[in-house]
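Coming up is one lone chain in structure tokens, specifically the form predicted on its own.
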């Protein structure tokens, strides 16, 4: 039976107040009358991944299963890429292709995705796309905090009943919390892994500090070869080793919400498409439930696939990275490049690289919460994250 939108929520006006204060990830919920639910829904006020996993997938993750522990509830994981990539896509365009197929086949009436403003390619502009062209205009990640859920009021006002939402972990936790209040017949969620977003000003500082030509960067990504890859307007690619980043200048550039997040893998999406568990040049696809499998099936004939794999041992690299980040160590570029070549050859790959990334970010974020929000530490850090961080020796 379809649930009608909450009457009290409908009566409330959007509030400029942010109950999560400095931890607000600007997901957009507080910009709508669904702000009424924020104290239950916000990932940074009420962390509730485990019960929402049960609501969404029928069970919570098995903490004794190494893959469940790290990657969340899932039915399958695979590596894939489109045989005919979408021009201008950040990868090969799997996310855009799924959204377009769902729209064209009438499975959904709209797609919540993020375009950019006409003035600034990095300034996010959430929309409800109704055409394939509008979906394609949203291709390429926007590495800044984005108020995707600010369009929730438009869903009810437009009469949409079948919807696809594309988003990151904090947005999806809030969405799942209010899902039953949206009056939808069917909600599909296509997630992307997310870590270390920034404000627009923070992004500019990162670009100015790291790239040889900040003004021509179209998009960038921290990749499995331990380098940041910048794509420029002329089609060229610039790479900068992780170990050569000016950590002493960039340590405080990431949003406090991202420094307090433990849902890197987007646990509550039906289907997740990212890169971190796949070989270089491929994407990592995690099917979490039957809805996610049905979404993937729509484009299966457009994909080249291979099984996921795992190689190397991450633990020494993670343990060494913890104090290096904590002390804002920055290597000379020649040393950073040398270390990058060395680690690329013998370092973790595939799922082990994904675990490396999760371990190092969770350890960093655990320390951040412990030092800045000690009263929140116990309730805010999920049990799976505590187990992951517990493998390492952390500084005080």
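Positions refer to the first chain, counted from 1. Because the structure is predicted, anything quoted here is derived from the model rather than measured.
One more form of this protein, predicted together with ligand FAD, exists but is not displayed; see below.
Engineer: Is it the case that residue 101, even though its partner is missing from this view, gets within 4.5 Å of ligand FAD in the predicted complex, heavy atoms only?
Structural biologist: No.
Engineer: Residue 91 versus ligand FAD, in the predicted complex: is there a non-hydrogen atom within 4.5 Å?
Structural biologist: Within the cut-off, so yes.
Engineer: Using a 4.5 Å heavy atom cut-off, state whether residue 138 contacts ligand FAD in the predicted complex.
Structural biologist: Flag for residue 138 set to yes.
Engineer: Does any part of residue 262 reach within 4.5 Å of ligand FAD in the predicted complex? Heavy atoms only, please.
Structural biologist: The answer is no: residue 262 has no heavy atom within 4.5 Å of ligand FAD.
Engineer: Under a 4.5 angstroms heavy atom criterion, identify the one residue in 173, 181, 96, 321 near ligand FAD in the predicted complex.
Structural biologist: Comparing distances to ligand FAD in the predicted complex, the residue within 4.5 Å is 96.
Engineer: Let me know the one among 129, 273, 203, 151 whose heavy atoms come within 4.5 Å of ligand FAD in the predicted complex, would you?
Structural biologist: Contact check passes for 273.
Engineer: Work out which of the listed stretches, 313 to 321, 73 to 81, 192 to 200, 239 to 247, brings a heavy atom within 4.5 angstroms of ligand FAD in the predicted complex.
Structural biologist: Stretch 192 to 200 is the one.
Engineer: May I ask whether 56, 108 and 267 each come within 4.5 Å of ligand FAD in the predicted complex, counting any non-hydrogen atom?
Structural biologist: No residue of the spot touches ligand FAD in the predicted complex.
Engineer: May I ask you to list the residues of 155 to 177 that have any heavy atom within 4.5 angstroms of ligand FAD in the predicted complex, in sequence order?
Structural biologist: Heavy-atom contacts to ligand FAD in the predicted complex: 166, 167, 168, 171.
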